[in-house]
Ligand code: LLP
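As a starting point, one isolated chain is supplied in structure tokens, in the form predicted on its own.
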Amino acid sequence: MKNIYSLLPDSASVSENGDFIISRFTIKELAEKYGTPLYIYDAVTVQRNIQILRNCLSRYYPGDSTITYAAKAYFSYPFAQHIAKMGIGVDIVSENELLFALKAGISPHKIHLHGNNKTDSELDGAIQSNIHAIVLDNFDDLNRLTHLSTRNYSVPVWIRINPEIDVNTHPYRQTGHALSKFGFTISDGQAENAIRELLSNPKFQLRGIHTHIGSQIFDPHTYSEAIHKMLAVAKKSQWLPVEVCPGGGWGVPYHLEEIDLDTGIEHWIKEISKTIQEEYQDTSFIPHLFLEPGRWIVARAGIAVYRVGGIKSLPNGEKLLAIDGGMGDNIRPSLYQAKYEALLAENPLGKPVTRYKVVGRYCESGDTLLEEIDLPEVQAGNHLIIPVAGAYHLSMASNYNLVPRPAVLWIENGEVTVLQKRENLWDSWWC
């Protein structure tokens, strides 16, 4: 039976009094103390998800493997400290993400720098920090890194291959099709030429091959196709990578209709492992496998909590429910037409009796969080809980209308710590 509670963090429950609880804290008490909008991360969910990944890799992949968290899903300095304690790596795309990761104690040997338009400062920072690999995306990357590298040893790099395949996801989340801005394409010879140039250039140590085909993907066979294509061009270039990374992007369900799509992370890792072993079956070694999940690790671990403001009836009978957040903290519904579920904190087990359209506070007609949701009767001042809010909300947040970005909490072992204070624009560069 489809149940919204399968979308919630592992520590979520409803008390005998009908209060919605994360760990031992009620949503109402957290909202009262820290204000709304409020984002809450459950440590137990993050830790269990990482352990599930490790167990699957141990079961299906016979070689060495490394999990690197995709920082773009959500990152802050305190959050990076938690990632460091969990012993996984991180893939980054900016200088500040690199600085946060290093300061938090993440080993530089577990850091990879991505991006299609890296700055000289980012490239130089990666070189000086001795990170595991810089992922080269294009010939400009390659040429600028050649000029920047003045050390007497080779810079470790990966090459990002565009496998030129379409995947079943939103067009904005597709990153491996022929016209994508990411990676060296295969059909026009770019990828092969780049590999040969890297192999012949003493300034580079070409360790690995990388691809990323998109996100919110539920078909493991698309990863198999991508791996076959990028390793085919490597072999054509007389090179066999010792490190292989098929990226991340495995999907998570956000609403009840998507629950059946979630075939489980096990299927993803099993398919990737089988494909790489097939590709290397005639060799004397198996490559080091790197995976870059971000959304899958943190999405379900996070919830968003909003305070209900006005409730308006429209001439067509539709009821608008306005909350104190919206596209400023969660752009996904406006950008990707993403769908969500919702719970009423004051009555989480109540029978749905009214259909609402949930809209945000921002001055845009497109600021709609849920087109429709059936809930118990809602009153102004109630609190709305949005599950699966841990990825690509706050990392894409803005100050539209000069609204401050929300506070973010981390709950672990019955204690609350603040990952991000509620933003005070008077103490920021706006002033």
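Just so it is clear, the model here is predicted, and its values are computed rather than measured. When you see a residue number, it is the position in the sequence shown, counting from 1.
Unshown form predicted together with the ligand; subsequent notes refer to it.
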(request) Assess the spot marked by Arg160, Gly248 and Arg295: is the ligand within 4.5 Å of a heavy atom from every one of these residues in the predicted bound form? (result) yes
(request) Check each of Arg300, Lys118, His212, His112 and return the one that places a heavy atom within 4.5 angstroms of the ligand in the predicted bound form. (result) His212
(request) Answer with one of His255, Lys229, Lys72, Lys203: the residue that has a non-hydrogen atom within 4.5 Å of the ligand in the predicted bound form. (result) Lys72
(message) Given a 4.5 Å cut-off on heavy atoms, tell me which of 186-194, 214-222, 320-328, 119-127 is the interface stretch with the ligand in the predicted bound form.
(response) 214-222
(message) in the predicted bound form, is there a heavy atom of the ligand that lies within 4.5 Å of any heavy atom of Tyr392, even though the partner is absent here?
(response) yes
(request) Consider Tyr336 of the chain shown here, and say whether it contacts the ligand in the predicted bound form, taking contact as heavy atoms within 4.5 Å. (result) yes
(request) Examine Met396 and determine whether its closest non-hydrogen atom to the ligand in the predicted bound form is within 4.5 angstroms. (result) yes
(request) Give a yes or no for Arg332: in the predicted bound form, does one of its heavy atoms lie within 4.5 Å of a heavy atom belonging to the ligand? (result) yes
